[in-house]
Ligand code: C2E
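Below you'll find only one chain, the form predicted alone, shown as structure tokens.
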Amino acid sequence: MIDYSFVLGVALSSFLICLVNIIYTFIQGRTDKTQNKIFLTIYIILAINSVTEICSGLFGTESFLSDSAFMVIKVSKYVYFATHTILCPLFYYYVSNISFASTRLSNRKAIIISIPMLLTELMALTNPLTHFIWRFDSAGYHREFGMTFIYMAALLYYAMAIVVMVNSWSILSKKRRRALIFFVIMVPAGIIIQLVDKALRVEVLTEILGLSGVMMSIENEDERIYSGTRFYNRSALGLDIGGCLMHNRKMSLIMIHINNHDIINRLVDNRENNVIIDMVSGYIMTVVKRYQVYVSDRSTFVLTLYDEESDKADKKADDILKRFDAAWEYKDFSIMLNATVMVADIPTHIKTVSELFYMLDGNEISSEEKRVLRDDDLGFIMRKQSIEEALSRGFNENSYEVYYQPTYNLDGSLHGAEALIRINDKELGRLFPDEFIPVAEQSGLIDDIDEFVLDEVCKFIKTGIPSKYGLSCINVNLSVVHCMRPGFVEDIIGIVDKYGIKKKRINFEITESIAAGDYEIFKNIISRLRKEGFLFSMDDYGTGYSNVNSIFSLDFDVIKIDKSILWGADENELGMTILENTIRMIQQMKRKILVEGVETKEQKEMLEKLKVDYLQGYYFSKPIPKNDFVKLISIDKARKLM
């Protein structure tokens, strides 16, 4: 016996929950995306289903019905099945949309997937003529065998939705996963309860409750919104782009980076974090829709262009840059924003989410020559990421190797050697320091590289081979970035003490660029290490930053004159004058001189006349692996003994 008062109570509760949630969805103002529209459609259908159940509760009875009541019941059943039949297909489309799985469907596949929904909907709409699904007679309401097809189609879409969820699991946030699991459990629970006891008409109620969980966790996008804006945040960007990549959706990204953001925030003296966002948000929403905008950080915006829109990415990027060339008004300020715009296609230019964030976070994102970067212009950023990945895996894969380049006294006898790091990566091949050292400094890997080289040199010195063949010291390059790290001095001393070698066997080379500032810091570092017995050289003297004050302030044993000064002396008289005056000045300062880049006999003889102290260059030897270096110096010694 069906208790229609119970049916009425459940139906009224269901309708009120639907009504409240629909109103709340509109209050939130997030009804512009396709997923929002599908969600609202499902809720409206469930609200209609609730009304049909209310009609059943009001007019349903086991006794005879009046003609008008009977007509209400028949119309309610018709409306119920005509709308309820498409709920599972809509749920499948909803899951496909939030996971971006729908984007991989061709038009043909989309039509095929829609066939069961269209057939069952046609069955429901034509039932008054065919009575294929249900019928009324003098004995009441009866379900027919066509209902089996309705349930089979619903089960098919339900299973397809679960498959999409499983395949897209990695790109769904924890909240979305939990909400979908809750819905997936609630829907069959209501159906099973109603099948077990037809008097418990709770199918619609459980569907509404499950959908309420979806609304709270998925449709309520607070966790995806950048604070204080209507745009999406960095986490949402990663998940959404991950979904596009997983399902091979082609799209274009326009990335806008404000290069002078720090100056702007100080200029307006605003404690809020969204000064720039407040300025440009109105304009950006004239370029794309709200839900196509992501804020990676306070100074970087990402605009997503799908389908036909992606063909207009280059034109939009040029228009955006033109707008940024004009002033922006903010309160009482008229402000110029220095912007760099990047245009990248997925998956042509960006193949992983990590590549996207590397591109967004790259220290070289700005360009003086080009302010719209596209295609080949983006190559340097992605090359940097590839190099950083090679550096990271280099230690585990033994890709690093220390090479040695000998240095000589003027009389041709061996003086020492410079240790130089090389990496032979399995993917990128041989990399050279000029390319990977700047990347290592920016990524924080330079500390490990410097310490690896020092450790290898200490091992080599410990063997006694360098001493046996007359090397007074081995030069080890130190990064300025590494020197500034807390505990740097203690770490260096610890590595050398581990091998018990004399510290005067190590000559640290520091590039002259440190002379641009921070004299006192480096003076203290050098002083502490010199007290331990280490030697120091200034590397690359003459490359643009050096000045006399730096040489006096920092206590170097040797000044290494950059090869560009030597080669300039070969080109013209002015170059020769610069070389002679440079050498004379350093000699007057009582510092030893090593000249790099010696490649010819004539250069060697010229430097002998100028009475420098040490020579280094390809004329003697290029940098070579340790075993080859040992052979070289052993041959040199044997030759001198003959």
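Here, rigid core means the biggest group of C-alpha atoms that superpose within 1.5 Å across both forms. The first residue of the sequence shown is number 1, and the count goes up from there. For clarity, every value in this text was computed on a predicted model and none was experimentally measured.
One more form of this protein, predicted in complex with this ligand, exists but is not displayed; see below.
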{"item": "This ligand: the contacting residue among Ile181, Val453, Leu209, Ile191 in the model of the complex [heavy atom, 4.5 Å]", "value": "Val453"}
{"item": "Sole residue of Pro433, Gly146, Gly470, Gly238 within 4.5 Å of this ligand in the model of the complex, by heavy atom", "value": "Pro433"}
{"item": "Proximity to this ligand in the model of the complex (heavy atom, within 4.5 Å), stretch among 115 to 123, 346 to 354, 285 to 293, 478 to 486", "value": "478 to 486"}
{"item": "Asp539 within 4.5 Å of this ligand in the model of the complex, heavy atoms", "value": "yes"}
{"item": "Partner contact for Glu53 in the model of the complex: this ligand, 4.5 angstroms, heavy atom", "value": "no"}
{"item": "is_contact(Gln405, this ligand) in the model of the complex, heavy atom dist at most 4.5 Å", "value": "yes"}
{"item": "Glu599: touches this ligand in the model of the complex, heavy atom cutoff 4.5 angstroms", "value": "yes"}
{"item": "Phe182 C-alpha shift between the shown form and the other one of 2 Å or more, rigid core reference", "value": "no"}
{"item": "Threshold 2 Å Cα movement between the shown form and the other one at Phe301, rigid core reference", "value": "no"}
{"item": "Core-aligned C-alpha movement of Gln603 between the shown form and the other one reaching 2 Å", "value": "yes"}
